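The chain below stands alone, shown as structure tokens; this is the form predicted alone.
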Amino acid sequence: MFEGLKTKVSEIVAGPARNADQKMLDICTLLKADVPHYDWVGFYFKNGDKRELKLRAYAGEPTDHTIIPFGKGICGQVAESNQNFIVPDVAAQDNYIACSITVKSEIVVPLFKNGENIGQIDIDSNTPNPFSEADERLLEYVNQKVAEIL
């Protein structure tokens, strides 16, 4: 399943002259539609010179969390650690920002451009502990492709 998704992501990135935000929205929509355990998919990026992340594109329920300070929640922790973060059970996390009571797990993978962590892809799942190394590799690939259009 994920190999086919990689091809589709590459096609979106290489596609007609649409801006990066439209292409990221298409990628979010594709991932949410095609991966059963991806219930919310979004891209956050560093907000200028501020130590915070700003939501730029997403597919799923609207969220109040459009700005996330570095260090807060899973996304804010990844902004500082530069490491993938899989949370099999969000209820077991002390530093978790709840977006929805239905969310059971989360994965966040940093997005690098020229070696700098400039953002991340964030996936919420209503399924407990669904994420594997295959998800990590897919999302790393997605971020590499997105970096090409930024």
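Because the structure is a prediction, the values reported are computed rather than measured. When you see a residue number, it is the position in the sequence shown, counting from 1.
Below, we refer to the form predicted in complex with ligand SME, which is not included among the displayed structures.
Each of W40, I74 and I97 comes within 4.5 Å of ligand SME in the predicted bound form, counting any heavy atom. Ligand SME is not shown here, but in the predicted bound form it comes within 4.5 Å of a heavy atom of T63.
Mapping the unseen interface onto this chain, I68 counts among the residues with a heavy atom inside 4.5 Å of ligand SME in the predicted bound form. Residues from 116-137 that approach ligand SME in the predicted bound form with a non-hydrogen atom closer than or equal to 4.5 Å are D122, D124, in the order they occur in the chain.
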